[in-house]
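A single chain comes next, written as structure tokens; it is the form predicted alone.
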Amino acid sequence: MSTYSSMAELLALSEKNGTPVWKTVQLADCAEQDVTPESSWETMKNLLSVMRETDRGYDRRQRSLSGLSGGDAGLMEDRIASGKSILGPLVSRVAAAALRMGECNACMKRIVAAPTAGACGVLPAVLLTVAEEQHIPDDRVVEALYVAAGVGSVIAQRASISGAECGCQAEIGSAASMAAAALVHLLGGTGEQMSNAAALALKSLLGLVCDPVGGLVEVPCVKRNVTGAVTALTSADLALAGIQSRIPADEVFDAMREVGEKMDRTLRETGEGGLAATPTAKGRE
């Protein structure tokens, strides 16, 4: 059982023990899994390696079995290379990375569920791209992954990370929240700033429904990874600037649970509502 069930408890525990947030999360993981810190670290380091290998192994020629996904990251890369992207160097690269990971998932390649397969592109797109751009060592990125895991654990306990339970806000929204907090750590922010970033990110995606076309985790899921990644970037930057979320992170997580419970079942991964019910989507049946 986790030693914390809220961001407030996580931050208080870190302050009490005089340990950084990432270390507090690691030690809680060790206690829960009955493993050593060294073993826990190696596991997290391996997840980072998988993220990086999948990103580098992207093949723009490959398509998913449904034909709905594949090649879009390559198109984004072409636009970046042309110098015409209006997003700027960093954000455009993050967008391309999120597409690569989402398409790799749709093409049945090895990915890290962060926190789910459908939202697998958000966290690696943010962390890998920023770390590469700013020459941040892998150990720091691994620490950031622990921060992300801590936020994800709190969300899972207080709300959900399941689209079937709470809609896409629980998947892409949770991923953006995790990535925002992790990025704050990566860039040297405080625990309080991590919590604010997590709140700001999820607040921006509250109410996002889960409406997969054809019941597949492809449309609109892959492109939503880009939205989540960019939301994480802006939320982290706001928090690092000293901007606070007027609603604490734990209350945002609780609100997400309430919103999810009030969603009609057709908007929670059934493929029966939203975009999945449009004429174009139904025409694929």
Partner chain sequence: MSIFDILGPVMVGPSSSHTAGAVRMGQIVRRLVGGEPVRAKILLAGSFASTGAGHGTPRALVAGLMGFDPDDERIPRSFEIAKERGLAFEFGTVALRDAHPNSALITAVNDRGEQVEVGASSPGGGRIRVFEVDGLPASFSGEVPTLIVRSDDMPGYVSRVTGVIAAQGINMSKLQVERNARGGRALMVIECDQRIPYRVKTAITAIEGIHKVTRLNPGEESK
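Positions refer to the first chain, counted from 1. These figures come from a predicted structure and were not determined experimentally.
One more form of this protein, predicted together with its partner chain, exists but is not displayed; see below.
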The single option of Ile111, Leu187, Leu128, Val91 touching its partner chain in the predicted bound form, heavy atom within 4.5 Å:
Ile111
Looking at its partner chain in the predicted bound form, do all three of Leu87, Val226 and Leu238 come within 4.5 Å of it through at least one heavy atom?
no
Partner absent here, but in the predicted bound form, which of 32 to 40, 226 to 234, 239 to 247, 252 to 260 has residues with a heavy atom within 4.5 Å of its partner chain?
32 to 40
Taking 4.5 angstroms as the cut-off for heavy atoms, does Gly207 touch its partner chain in the predicted bound form?
no
Decide whether Gly74 counts as a contact residue for its partner chain in the predicted bound form under a heavy atom distance cut-off of 4.5 Å.
no
Proximity of Met44 to its partner chain in the predicted bound form, heavy atoms at 4.5 Å:
yes
Partner contact for Ala156 in the predicted bound form: its partner chain, 4.5 angstroms, heavy atom
yes
If you apply a 4.5 angstroms heavy atom cut-off, which residues in 198 to 216 are near its partner chain in the predicted bound form?
Gly214, Gly215, Leu216
